[in-house]
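Form predicted on its own, single chain, as structure tokens, below.
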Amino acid sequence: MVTKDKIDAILADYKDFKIATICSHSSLQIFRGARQEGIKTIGIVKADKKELYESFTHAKPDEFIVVDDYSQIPEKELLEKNAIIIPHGSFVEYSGENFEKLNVPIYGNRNSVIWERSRKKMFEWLHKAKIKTPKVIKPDEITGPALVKFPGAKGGRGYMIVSSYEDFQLRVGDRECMVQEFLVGVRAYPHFFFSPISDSGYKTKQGRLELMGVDRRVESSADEIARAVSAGMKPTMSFTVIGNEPMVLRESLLGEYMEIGKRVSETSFDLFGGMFGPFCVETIVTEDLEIYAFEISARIVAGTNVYPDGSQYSLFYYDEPMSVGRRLARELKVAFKKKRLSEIVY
């Protein structure tokens, strides 16, 4: 792990900064948000994707760095350009364990991604925050439908339902995974933003928390399986995320969701020094309106892409269009002006 002192020393030499990220996941929103805030951007792109990203007039990066493979982040060039990296799901997945070793400043606390990557640590985090979660069960305890999840930010790819220990042995074997009870309910993915600088939002011990939007994921074949069954087929349920849909929570649930976000945020300071900027607590709501959290994404999530000009909730904080991409750009801009970048960049 690169030390915080080293990143702070690099930041101290920045006379200005640019926002950089891999051209994938939520990068268009990030580039457009930075443009709205007057911040220059760098897109790390493979040659075969450059033309695509150049075609989005108001969301393309100001400059590109072309790479052969996304696992090879061009550190020297990014440092020369005074870059601050915005991590997203694809960035975390492609960079792998090299993420925490990068010698380029990263918005947020890179320790949070270590906790996100480990499902064991993630559930420790949720339990310490006193948030209800699905039961984690041992393979030999499976007596009915159970959800098997594998490590990493893979957008649900490879997740599966197993019905017995024998089924688990046949389909999973010795692969590293987590097995959770299968809960029936509505999936809701709230997009939170934590700031130690802002004076707007839901108060926490360390700062303020904003609810920037809520989405639900469109998963194949889980969301279309009824059609296949009605046609006489017997498809295997899969959970690969194809896209996202906007969602508005019933207002009576807002208080509980803000408390969930607050407890996750405050607990992050106890565990690894805090989580800064955007994050998502992935939940399921039962028919009895009980909320269970089953995952934390400790960075911007793709579901925020459904709100390029802000959501129904961001309108209650800002009297102007405010996507998560723009919100994080503004946070960096304000922190830079106040000479507080080191508080939110590591």
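Please read these numbers as outputs of a predicted model, since none were measured by experiment. Just count from 1 along the sequence shown to find any residue number.
The form predicted together with another copy of the chain exists for this protein as well; it is not shown, and the discussion that follows is about that form.
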Applying a 4.5 Å heavy atom distance criterion, does G201 contact another copy of the chain in the model of the complex? yes
Examine E245 and determine whether its closest non-hydrogen atom to another copy of the chain in the model of the complex is within 4.5 angstroms. yes
Is there a non-hydrogen atom of I197 within 4.5 angstroms of a non-hydrogen atom of another copy of the chain in the model of the complex? no
A231 near another copy of the chain in the model of the complex, any heavy atom under 4.5 Å? yes
Select from the listed residues K101, K135, K120, R216 the one whose heavy atoms reach within 4.5 Å of another copy of the chain in the model of the complex. R216
Just give me the single entry in F150, Y165, F182, F269 that has a non-hydrogen atom within 4.5 angstroms of another copy of the chain in the model of the complex. F182
Would you mind picking out the stretch of 101-109, 75-83, 237-245, 135-143 that comes within 4.5 angstroms of another copy of the chain in the model of the complex, counting non-hydrogen atoms? 237-245
Pick out the residues of 16-31 whose heavy atoms come within 4.5 Å of another copy of the chain in the model of the complex. C23, S24, H25, S26, S27, L28
